[in-house]
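One chain comes next, on its own, written as C-alpha cells: the form predicted on its own.
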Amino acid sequence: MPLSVETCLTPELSFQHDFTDKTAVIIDIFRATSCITTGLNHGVVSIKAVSQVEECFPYRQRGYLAAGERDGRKIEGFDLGNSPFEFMSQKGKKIVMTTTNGTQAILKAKGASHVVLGAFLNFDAVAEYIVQKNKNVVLVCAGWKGKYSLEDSLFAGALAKKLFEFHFQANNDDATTSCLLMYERVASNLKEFVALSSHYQRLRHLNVKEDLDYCITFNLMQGVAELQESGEISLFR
C-alpha cells in the first residue's frame, strides 16, 4: 500500500493530525529550519528548540549560545538572531533557540516517530531521509503567528512532488494537493513568486534580503537536522 503525505498548514491545526508512527517534517523556510540546517551543517553540535525566551536562560548557564527572534528581530541580549549566516561560524557550539514560529512548530510534533527539519538548502537529502524511514509523512508548515504562509506551503508542495516519485501519495488530502499544484505552477520562477509573500515583504524591510534569497536556494548541503529523543536537534547519522 502506498505511503501517504498529509500537510498541516499551520501548527494551530496540528490537533487535526495523528502523528503516531509517522515522519513529521517541520517547515519554517524564513528562517528557523533554514538556520538550524545551516548551523548543523557548519559544525554546530546541537540545537535545543524551546517555546519561551525565559527557557533559554538555564541553557545559557550551561554554556549554550542563545539564539532567537520575535517578530523577525533579534531578542535583546541574545548571542544570535535568526539569520542563517550567523549560524555558520558557531562550529563546536551548542545553541538554545526560540522563534516566533519555527520552534513552536517543532514542539507540536513530538508524538511522531521521527521529526526532521525541512529546508530548500538540503532538499534532496530531506527527501532521501523520508524515503529511507518508509513511514507515512506529515508536513508541518510553521506559518506566521497561526496564519498560512506561502513559502512554507511551496516547500511542502515541492517535497510532496518529490515524494510522489517514490510512490507516496496524497490520499485525498486537499492541503497537500493544493500545495503541490501551486508549486508546479510557479516552480520555474520560484524566487519571484516567493517574493510576493507577506513574510518575505515583512522581513525584507528588516534588511535581510540576503537571508531570504539564501533560504530559497536548493541543495547547498547534505546533512539533515533531526530531533533526537533527548530533545536536542542534531545531524542525522
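Keep in mind that this is a model prediction, so the values were computed, not measured. So that there is no doubt, residue numbering starts at 1 and follows the sequence shown.
Missing here is the form predicted in complex with another copy of the chain; even so, the following discussion is about that form.
### Region of this chain that lies against another copy of the chain in the model of the complex, out of 190 to 198, 64 to 72, 46 to 54, 206 to 214 [heavy atom, 4.5 Å]
Contact criterion met by 190 to 198 only.
### Task
Indicate whether T177 is a 4.5 Å heavy atom neighbour of another copy of the chain in the model of the complex.
Yes, contact at 4.5 Å.
### Query
Wondering, does T23 line up within 4.5 Å of another copy of the chain in the model of the complex on heavy atoms?
No.
### Task
Please run the contact check for L220 against another copy of the chain in the model of the complex: heavy atoms, 4.5 angstroms, yes or no?
Flag for L220 set to no.
### Message
Taking any heavy atom pair closer than or equal to 4.5 Å as contact, tell me whether E12 reaches another copy of the chain in the model of the complex.
### Response
Answer yes; at least one heavy atom of E12 falls within 4.5 Å of another copy of the chain in the model of the complex.
### Query
Pick from N136, T98, S149, S83: which residue has any heavy atom within 4.5 angstroms of another copy of the chain in the model of the complex?
That would be S149.
### Query
Going by another copy of the chain in the model of the complex, which residues of 151 to 186 come within 4.5 Å of it through any heavy atom?
Heavy-atom contacts to another copy of the chain in the model of the complex: E151, N172, D173, D174, A175, T177, S178, L181, M182, E184, R185, V186.
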